[in-house]
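Next up: a single chain in structure tokens, the form predicted on its own.
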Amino acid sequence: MKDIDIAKRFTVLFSNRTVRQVLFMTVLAAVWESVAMTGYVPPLLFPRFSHVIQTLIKETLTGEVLGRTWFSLNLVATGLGLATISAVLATAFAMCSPLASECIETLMSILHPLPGIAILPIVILWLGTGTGAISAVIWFAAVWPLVANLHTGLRSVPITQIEAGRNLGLRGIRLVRTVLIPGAFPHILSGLRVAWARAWQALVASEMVFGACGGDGGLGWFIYKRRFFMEVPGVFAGMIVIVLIGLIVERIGFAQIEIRTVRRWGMTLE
């Protein structure tokens, strides 16, 4: 009987997605540590996972990692905020005129495939090195998936829903807020997810490749300096922080928003 209870507890425990992910990452860490302990790969190139964690704890206690993380998150928030405002304005303009819609679709087809990091040399020439250049690259990387998903989402709202809203007396902003935005929200949320990922990648890549923030920066700059001085455990520690922030934003941010909106509304599969 006790064995059955234990089996049920394990079944309930492993039915939780977060538990499964933590277990998977624990196994990866154990494999990493085991491979590094064999000495097959030089420690300078592939340090032990325990040494990386020790470095991460040390840099966190000194405030280095926390300061760099705060710097990066502020830059990403600024770039994403500007990209969101730009996307809303561009989409509103496109919805008002077929000609404007065609122009924006043409711009998206030209610029959307272009990586944000590709424009950094030009941005540095225009704005110099510093947070302005990084924010511009983040804006460029994030704005196009936002425009594409917002534009597609609004155009995909069934005309019957729009007409039903009009029959109930909804007009203008009330129609947009009550009918169009909820109907397009799965696309909007998808666009925000892609925009966040591209903005985060653009930030880290800009600082790592060019050191574009000059004498100061965020996590990308942290990795850039550790790589320059061949402090490989510090490089891996910075990468772990970047991955952890991505997981936190996805699990605590976007996943919870999805549960409380589109899943509750029955607009997606569980």
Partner chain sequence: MELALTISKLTKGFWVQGRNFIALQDIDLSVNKGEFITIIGPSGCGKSTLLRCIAGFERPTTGFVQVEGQEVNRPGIDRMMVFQGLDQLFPWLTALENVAFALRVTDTTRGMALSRTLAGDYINLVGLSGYEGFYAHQLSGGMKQRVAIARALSVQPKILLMDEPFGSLDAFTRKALQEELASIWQKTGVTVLFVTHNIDEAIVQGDKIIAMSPQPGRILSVIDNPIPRPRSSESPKFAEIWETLHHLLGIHKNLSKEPLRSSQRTAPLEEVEAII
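Positions refer to the first chain, counted from 1. The model shown is predicted, which means the values in this text are computed figures rather than measured ones.
One more form of this protein should be noted, the form predicted in complex with the partner chain, which is absent from this view; the next part is about it.
- Scanning Leu189, Leu180, Ile124, Cys103 against the partner chain in the model of the complex with a 4.5 Å heavy atom cut-off leaves one residue, Leu180.
- The listed set Ile119, Ala197, Val157, Leu73 contains one residue whose heavy atoms approach the partner chain in the model of the complex to within 4.5 Å, identified as Val157.
- Mapping the unseen interface onto this chain, Gly165 counts among the residues with a heavy atom inside 4.5 Å of the partner chain in the model of the complex.
- Remark: His112 does not count among the residues lining the partner chain in the model of the complex, judged by a heavy atom distance of 4.5 Å or less.
- The closest non-hydrogen atom of Ala94 lies within 4.5 Å of the partner chain in the model of the complex.
- Interface residue remark: Gly128 is not counted as part of the site for the partner chain in the model of the complex, having no heavy atom within 4.5 Å.
- Of the stretches 189-197, 74-82, 169-177, 138-146, only 169-177 has residues with a heavy atom within 4.5 Å of the partner chain in the model of the complex.
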